[in-house]
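In structure tokens, one chain follows: the form predicted alone.
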Amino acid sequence: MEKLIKILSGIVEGAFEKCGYERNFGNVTISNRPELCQFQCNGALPASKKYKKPPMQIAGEVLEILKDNHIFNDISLAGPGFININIKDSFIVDYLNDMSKDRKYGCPESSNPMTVIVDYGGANVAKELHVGHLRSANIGEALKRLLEAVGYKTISDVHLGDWGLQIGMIISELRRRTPELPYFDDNYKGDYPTKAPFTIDQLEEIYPAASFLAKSNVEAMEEARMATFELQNGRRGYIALWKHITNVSIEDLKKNYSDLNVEFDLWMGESDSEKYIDEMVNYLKENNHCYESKGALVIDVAKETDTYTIPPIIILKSDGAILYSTTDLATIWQRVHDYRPDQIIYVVDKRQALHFEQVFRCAKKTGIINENLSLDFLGFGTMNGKDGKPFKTREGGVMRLQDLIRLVQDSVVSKLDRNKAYSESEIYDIARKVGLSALKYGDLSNQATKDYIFDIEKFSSFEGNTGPYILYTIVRIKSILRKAMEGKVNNIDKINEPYSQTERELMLKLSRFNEAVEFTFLEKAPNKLCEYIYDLSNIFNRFYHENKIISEENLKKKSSWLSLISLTKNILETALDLLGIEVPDRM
């Protein structure tokens, strides 16, 4: 379906054109004075400068064309040349009834769908997820779902850290603890065990111990570096251990991400780019894109127009070792080769902006990507505690994501109405879904690029701009619809003209759903969809408190209201699904 605002703009643009003016002056916007009108067109003011006429004269000419249009209820001039517009209730109602029948509630698919890779997650193997992984998962998942909603083919990749020094640390620590394992025997020729010699709990204890030792002991660090070198050069036993580490880690990570309602198409990592590095480096050398500097292989990516310093990107260190820049470039090389995407979006901590600026410039400058492939960096801010510092445990450590989810769920359970007869399974389901809404909506309702304060009590509240408040609104509608079915109210299938101003406002807000989705998609800003969801919930709740829907005796009015709130429920649920948030049946 075409957006309502676009339909109105098309009509007013046609009127400007009939009067001999350029069409673009007829753009219609939502009124910034809703007490005066629903929509407005201010194009007469800029048109007056171009055509050397008073804006009121231009607006008057356009008004003469528009005043007999069947869509408009009232159209008038105001101020220096504003055109104020109110549309007929019948037009709004027809639009909403068409939306109700549409599979996507008026959200059109792109006429030029693209293939987009969304890189988010960024977890490291052998390490548990912590609160620092929350924003990447939430924002990336919402972005992926929005892209799919407009018809794009998306490929989501968790892009694990699975090939660096941390693996060497773990291997060397395992060797110190269990030297008898066959992985460390140079003379062992048999098959290695299929079962890992450690559990995920043991692995999560081994890594921090290994890291602490390596950073405090020169010999241990050298052992870790040597183990990393031997792994990356194909030592058979170390490759087998690395596979155990990644398999055990991925199994646990899938569970943790699933708890956030986050899923990935690809569980690839730095190691998957390894086989492309030699080919890529040879290409860079053969085409004279790089040069040696103090033994390292580098590429200049600075531009004369830069207003800040962009250092050269290092491809290989002086000892031949690779860096994150190498694997990130090789990953782009691999993605171009395997998937031929039109766009790659990286959802990463904004503090890595310079690194990705270097990588993107290098990929473009060297021809690793063609001019049609877009590389985009969506940098997010940090989630902070009430002290304004990165969110920590009470003891001052980094909080595990599982523990944060549990804290939020416990807070939700404490707020549930104990007078309702919940079964244990219902309490679990409600706590999981409402807790997840508190966590995800609390995160996504903030502008992605900015830091924000995470307040468990605030975000788990059933009042205000929170996930639980939104869910409670939907559950309230579900309850009304259930009662209507129990009362055998039939013909809940058509919305009639509004009976009050609040009902009219609810209708207008519903009509803007496709506009909100498109704007959120174009801006890559999930917080904009959250704003729409919250506004819609508030208007519905005003409508609910002003009307006794179930006890309404006028059956035509009652049926219309039930149809209207049913559409409200469907749109709210659809919008929340785009954010990766589920809705319980009752609360």
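These numbers were taken from a predicted model, which means no experiment stands behind them. When you see a residue number, it is the position in the sequence shown, counting from 1.
One more form of this protein should be noted, the form predicted in complex with ligand ARG, which is absent from this view; the next part is about it.
Checking 498, 122, 106, 164 for any heavy atom within 4.5 Å of ligand ARG in the predicted complex turns up a single hit: 122. Checked against ligand ARG in the predicted complex, the candidates 348, 284, 231, 75 yield a single residue with a heavy atom inside 4.5 Å, and that residue is 348.
In the predicted complex, ligand ARG sits beyond 4.5 Å of every heavy atom of residue 447. Proximity of residue 328 to ligand ARG in the predicted complex: non-hydrogen atoms within 4.5 Å are present.
By the criterion of a heavy atom within 4.5 Å, residue 352 is counted among the residues contacting ligand ARG in the predicted complex. For residue 135, no non-hydrogen atom is located within 4.5 Å of ligand ARG in the predicted complex, even though that partner is not displayed. Residues placing heavy atoms within 4.5 Å of ligand ARG in the predicted complex fall in a single listed stretch, namely 320-328, out of 362-370, 284-292, 320-328, 405-413.
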